[in-house]
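Quick heads-up: it's one chain on its own, the form predicted alone, in structure tokens.
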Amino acid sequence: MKKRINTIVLPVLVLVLGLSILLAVTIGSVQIPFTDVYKVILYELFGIGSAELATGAVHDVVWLIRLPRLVLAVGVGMALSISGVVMQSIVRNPLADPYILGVSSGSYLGAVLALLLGLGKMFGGNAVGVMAFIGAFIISLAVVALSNVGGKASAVKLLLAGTALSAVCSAFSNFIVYRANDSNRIQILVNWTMGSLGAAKWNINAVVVPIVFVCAIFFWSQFRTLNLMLLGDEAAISLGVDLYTRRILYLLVSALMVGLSVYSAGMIGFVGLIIPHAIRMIFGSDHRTLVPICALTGSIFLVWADVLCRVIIRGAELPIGILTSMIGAPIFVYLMARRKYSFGV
């Protein structure tokens, strides 16, 4: 069965992802003929066609706006989905998501500090994203340090440390927002928390997507350890494996992926919760198949979510975080009501 999944399901998902990108790039508020869209892409990728394809409105819409955000959607969807898988294994809770260990609160605090207090000015126009990334990663390190107080970190201690530090970050963030007297910047902050792929650029993608891909390969190679985490520390130790260092390493790598997602697209919820949750119910909890299927499914989901965000409201773009919540929350309620669920077993 597992071999069949790897030889049939994965190639099908890769094909669906490729076709999704090719179709999604033709959809938008501006109507552009299919042939013109693909002529621009062929010219930019392979130099096929007239040099006139390198300039003009059609070129800018296809190559500088639509395609970069679709590529970023692939990277962010992959990052959030895999991080969800890993976090659920680390804390042994199928309801965990990438933000459960304080990462979201840390990134929000970083964004607040950048927008309302002016920290990170040296990063220029990327100040909010960079400070959000720094905040997410620092809080992850703090969670690791706090969970090691009084002994080695465990799944429960990581969860408690994440909850505590999340509350601290939220308190400071809310205090700064309350004291701020700048409605324009507060509105920018609110928009950022809703998530958007609109700021996608090729130079950002060149950093985010390769790192996410390498992290995805890393977690795929760790499927045996991730499977052991579901059994608990005592069972793993009886098999000669100490999960302590692996748990810390996985948390930090996951924080890197989530931090990059927050940096490039703001806060996008429910992807890291719903995708792994649903895939476990269908394909089981073996991470050898779970990790790649979640990576591809999360990418496909976010590609089409971005398309809907661009066309669902005429003349405006719906923040993608709102759409993922509108889709994810009802699905989550359905999955919970459908049956008692625990890691698909």
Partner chain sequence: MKRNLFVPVLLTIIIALFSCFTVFAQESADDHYPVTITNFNYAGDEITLTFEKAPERVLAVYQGSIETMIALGLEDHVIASYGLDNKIKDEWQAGFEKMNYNDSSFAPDKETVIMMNPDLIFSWGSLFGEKMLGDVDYWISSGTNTYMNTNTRPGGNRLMENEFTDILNIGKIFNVEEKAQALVDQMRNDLAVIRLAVEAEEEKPVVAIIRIRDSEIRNFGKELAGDILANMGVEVMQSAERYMGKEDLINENPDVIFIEYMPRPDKGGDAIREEQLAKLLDDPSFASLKAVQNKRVYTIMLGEIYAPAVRTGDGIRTIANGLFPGIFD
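Residue numbers count along the first chain shown, from 1. As the structure is a prediction and not an experimental result, all values here were calculated from the model.
This next part talks about the form predicted together with its partner chain, which is not shown.
- Residues Pro11, Val209 and Ala278 are none of them found to lie within 4.5 Å of its partner chain in the predicted complex, as judged by heavy atom distances.
- Residues within 4.5 angstroms of its partner chain in the predicted complex, judged by any non-hydrogen atom, belong to 198-206 and to none of the other stretches in 198-206, 169-177, 99-107, 139-147.
- When its partner chain is considered in the predicted complex, Pro33 lies well away from it, no heavy atom lying within 4.5 Å.
- Contact annotation for Ser221: none of its heavy atoms lies within 4.5 Å of its partner chain in the predicted complex.
- Proximity of Leu95 to its partner chain in the predicted complex falls outside the 4.5 Å heavy atom cutoff.
- Mapping the unseen interface onto this chain, Asn184 counts among the residues with a heavy atom inside 4.5 Å of its partner chain in the predicted complex.
- Proximity to its partner chain in the predicted complex, taken as a non-hydrogen atom within 4.5 angstroms, holds for one residue of Ile41, Leu53, Val307, Val61, which is Val61.
- Counting a residue when any of its non-hydrogen atoms is within 4.5 Å of its partner chain in the predicted complex, there are no hits in 279-302.
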